[in-house]
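Shown here is one chain on its own, the form predicted alone, set out as structure tokens.
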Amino acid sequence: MAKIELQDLQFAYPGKSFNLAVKQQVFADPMTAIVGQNGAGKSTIFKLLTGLLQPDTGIIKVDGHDLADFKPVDRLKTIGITFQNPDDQLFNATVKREVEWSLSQVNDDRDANSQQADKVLANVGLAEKAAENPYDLSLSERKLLTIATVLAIDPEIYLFDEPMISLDSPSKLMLTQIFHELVADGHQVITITHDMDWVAAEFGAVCVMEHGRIQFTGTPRALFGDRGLVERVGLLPPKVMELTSMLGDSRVYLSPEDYYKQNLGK
């Protein structure tokens, strides 16, 4: 499993008051959620990890190697990203060509790229849309298409910025299953999300950001057990905890299944 290390990382946008400052942070859990209010620095972390932004100071290491030393093709094979807005990533004439273009950045075998594109489009339920223009797709389908472009390359580390936005329930279940399959195959998945129910039920680790600083790293159970922190950084506990709290039960529950296990499954 990959390990990302941030050391003395500093970044500031010109002309803005925002300042990212991370003294020491390690991402080593197979599935990590990064949470926090808008403007906390979550997407900035992602852009620094992919080289879209360069830190003012500090070092980013992947498995002990300085990310700044990676060649572009090696970086693509190591870290893949999907943005919150899929329209920031789509520009080809057809759905299939969108995936093939991503593959062409790391592999010049057109036949292999075509076969891989067909495979990943089927995996995300877009096989029948292969010949369509990406902008004729729904927002949900465009979101899945950007995910397909990264799945096709199969990097060591996946970064997903709000992947569940606009998806219907079946698509959310499908994507969650894909994430777990990636982890089972040895990949690392790091996701920015505001969906605390999803975080609580599915993720092994949570990183909480506030004003460009990392305020907490630990398990979802530890996070939601710290009600003061959750309230201070503007997060909401899982819905099951909101309900049980109204009933006078102050224990931490990560999901309805967790509630059953703690109370009825003994």
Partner chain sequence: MDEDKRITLDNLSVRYRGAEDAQLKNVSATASIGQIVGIIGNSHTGKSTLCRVLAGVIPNIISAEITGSCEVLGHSPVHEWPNFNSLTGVVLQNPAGQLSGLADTVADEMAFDLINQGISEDVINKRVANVAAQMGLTDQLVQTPESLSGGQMQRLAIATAIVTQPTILIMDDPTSEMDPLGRQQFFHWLANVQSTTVFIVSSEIDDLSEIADRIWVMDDGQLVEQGTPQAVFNYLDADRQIPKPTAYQLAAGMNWHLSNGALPVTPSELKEAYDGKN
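Because the structure is predicted, anything quoted here is derived from the model rather than measured. Residue numbers count along the first chain shown, from 1.
Form predicted in complex with its partner chain: not shown, discussed below.
Exercise. Looking at its partner chain in the predicted bound form, do all three of Met196, Met246 and Tyr260 come within 4.5 Å of it through at least one heavy atom?
Worked result: All three within 4.5 Å in the predicted bound form.
Problem set entry | Listed residue that, although its partner chain is not shown, lies within 4.5 Å of it in the predicted bound form (heavy atoms), from Ile165, Val183, Val106, Ala127 | Only one option qualifies, and that one is Ile165.
For this session: Answer with one of Leu139, Met174, Ala93, Ala122: the residue that has a non-hydrogen atom within 4.5 Å of its partner chain in the predicted bound form.
Result: Of the listed residues, the single hit is Leu139.
Problem set entry | Partner proximity in the predicted bound form: Asn38 to its partner chain, non-hydrogen atom cutoff 4.5 Å | It does: once its partner chain is placed as it appears in the predicted bound form, Asn38 has a heavy atom within 4.5 Å of it.
Exercise. Quick one: does Gly234 come within 4.5 Å of its partner chain in the predicted bound form, counting heavy atoms only?
Worked result: Close contact exists here: in the predicted bound form, Gly234 approaches its partner chain to within 4.5 Å, heavy atoms only.
For this session: Although its partner chain is absent from this view, report whether Gln115 comes within 4.5 Å of it in the predicted bound form, heavy atoms only.
Result: Output for Gln115 is no: heavy atoms all beyond 4.5 Å of its partner chain.
Problem set entry | Proximity of Lys239 to its partner chain in the predicted bound form, heavy atoms at 4.5 Å | The answer is yes: Lys239 has a heavy atom within 4.5 Å of its partner chain.
Exercise. Heavy atoms within 4.5 Å of its partner chain in the predicted bound form: which stretch among 53-61, 215-223, 202-210, 30-38?
Worked result: Comparing against its partner chain in the predicted bound form, the contact stretch is 30-38.
Problem set entry | Residues within stretch 202-225 having a non-hydrogen atom within 4.5 Å of its partner chain in the predicted bound form | Stretch hits: zero.
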